[in-house]
Every structure is written in structure tokens, then in C-alpha cells.
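Quick heads-up: it's one chain on its own, the form predicted on its own, in C-alpha cells.
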């Protein structure tokens, strides 16, 4: 088999003294942190749509990406060749997992049956390459937003025929994910939202979306799929308002439609930013509900209000993410998927490796710092001290719902004005920064 990246060796850990740009300075896959190898803590995945398919086009210009493995055609030969290039990339960069949309890996056909047949053929080849390399599928999904038929949505389309076509596409994508042993299946709303309520029956569309998800779960369980289902929040873009706006909105939707037991959340950093939140906020909302499933690891640009999907290189961000994951014990059915793209000016194939190395090293360093913060203990101690009064008899009675409003008033009358303590925010940030070494 021909090499697609002949000038790139297998990327290995060389440590801080290395000046080799094609090496890891921080990510040592087998190095243990809190008793578990980095490889298991981080569970990196590569996004097929960005790594293999993103041409780096933008609204003002055609794509700049140099992709020798892709002849630009929507043929099965080209689709198979892309798979081979992708698995060589995974092998050389040292990533064990991947994620895909159905239309990333296989071209759409002229009919539903032809599209299914195309996906099945590529799925067979993906399964073969997984068997040969040991690489695994983190999760799959269906692209329910690119085809013009989804202009008004897929599961929320005003056309029942579009709903049916979306169902057929999801069935085929679930089959492929199951065939490949995927740990999960993701629903991202894409165009499930609206631009104006003047022509939108939001209540009815939400009912339809819930029905679609129930049908999908029912089918997946019938065929023996035991993986997790994820909803991925995003507030806007391409629609003005999307029904999966943020983690809290998604959780409310899942509770309302009796889907909370079937779904967790796949949280993306750039989507959190677009919703006006921080990534730690969204992770905490999901984790507090016991619904943190997986992570799309990227970051946005602070001056740009759209989905820029930068590779994550901010150590403060990666440390906060890993601190959360260490606190919840990791992601049993998820991972850190690099839903990130090179910058338009980084168009050579070698830039794919530089980008992933940067993200992997940033998360490895974030993991080490997060573990150091936990071992240091000062921040956690101040965190718990702040709520110490709730550990007393009164706090426990309130939390256990064993007290009345009248009893609380009586306590307030006899306890005097509350004595407040400093939140020590500046000290906490100082300690955090000291440990960011």
C-alpha cells in the first residue's frame, strides 16, 4: 500500500528537551497520572470531517488545503482511498479513536438505497482497517444539514417526507456505527431550529424532534447497539436559534420528553463560547445532571462570533477541562474528539500533524496540571470550606427537605446577622497560576 504521508515518521514522545516539531513534548501515552495512563485519561479521537474532508474554504474564497489523497470526486474509489490515508494518519500521530458523519466517509447516492449501499461498502473497509490497526470508532453520526432537502430542518422539517428521509439516513448511520463497534452515536441539531417564529410552530417541531429521537433509540436497541447516545448543544449557526442551544436547554428538553435516561451530552468548547458560556460552565451543568458523555475538543476565537474550530492550545482551558474529568472519574463512553481544523493558511498535509500534536500536548499538560492542583489540595480545601456551614445540622435538614419556612424564620431570628467569609477568588487564581508551571 502506498504511503500518503511518506515524509512523516511515527510521532513519539521525546520530552521537553526535544526540538523536533514532529514529536510530543508532554503527551507520553503510557505515563501514569493518578494511577491511569494518559492514553486512557485522554482518549483522543480525530474528526474525519476536518482531517480528511475540510478543504479550508471560507465564505470569501475556495479551499486552500493540499490533499494528495483526494482527487476531488465523489466516487467510491476516492472514498476508499481517503479511508486508507486516514488510518495511516491515525497510526503515525498515535490517535486510537475517530469520529465521522455518514457523508464524510461515503458519497450520497441518487436514491436512499444507493446512499445506504455506498455507506455499507465504506463501512466494510473501515471495519477491515480497524481490524488491521486496532483503531476504534468513538462515535458516528448522520449529516442531516448539508443536503438541500434539509433547508428547513430534518427531524423538525415542516415536510413529513423530509422527516422520513432523515429517519432512513439515521437508520443507515446507526447500522454503520453498530457494525464498527462505536462507543456512541451523536445527534447534532444542524438545522434543527428556526430563523423566525412568524413561520415556525416551535412546540410541534420539538414534539417531532422528540419522536425522532425515541424512534432512533428504539431501533438501535432492537439491533443490539449498546453504545451511548449523545446530544451536542449549539446555540446558533446555521439557524438563528437552535433547539439544542446549550447544556441546560438540552437537559430540559430530554427531561420533558422522557429521554434523559437514554442520552448524555457531547459538549464542544466553541459551542459553549457561542452560547455565552465558558467550557467549564457547560461541563459542570452536564456533570451535575450526571449527563456528561463526551467532549469535542477545540476552542473559538475571542474576537470572532462564529464557529472557528481552532485546535485547543490554551493551557488554562485544557487544565479546567481535565480538572472536571478527573473530578467525575473520566468519560466511560466518550473521549476528546478534535473537532478542530487547521487555519486556512496552514494548508500543507504536514500541518495536520502539527495541529494534532499541539492539541494533544496541550491536553496532556492540562492533565498533569489538573492532577497537580488536586494533589496540592489548597484550591479544593478552600472550595469545601466555602460551603462548610451547610455541613452542620441546619444545612443537612434543608438539603434533606426536613424543615419548614417557619422553622427557618425562627432560626434567622435567633442566630443574628450572618457572618460572611471572603471567596478568596484572587488567591485561588494565584494558586492556580502557580501550578500552571
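Positions refer to the first chain, counted from 1. Computed from a predicted model, the values in this text were never measured in an experiment.
Below, we refer to the form predicted together with a small molecule, which is not included among the displayed structures.
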If contact means a heavy atom within 4.5 Å, which one of 204-212, 113-121, 87-95, 136-144 is the stretch that engages the small molecule in the model of the complex? 136-144
Contact at 101, 268 and 271 by the small molecule in the model of the complex, all three, heavy atom at most 4.5 Å: yes
The small molecule contact at residue 244 in the model of the complex, heavy atom, 4.5 Å: no
Considering non-hydrogen atoms and a 4.5 Å limit, does the small molecule approach residue 311 in the model of the complex? no
Can you tell me if residue 232 lies within 4.5 angstroms of the small molecule in the model of the complex, counting non-hydrogen atoms only? yes
Answer yes if any heavy atom of residue 307 is within 4.5 Å of a heavy atom of the small molecule in the model of the complex; otherwise answer no. yes
Of 353, 253, 188, 263, which residue is found within 4.5 angstroms of the small molecule in the model of the complex when only non-hydrogen atoms are counted? 188
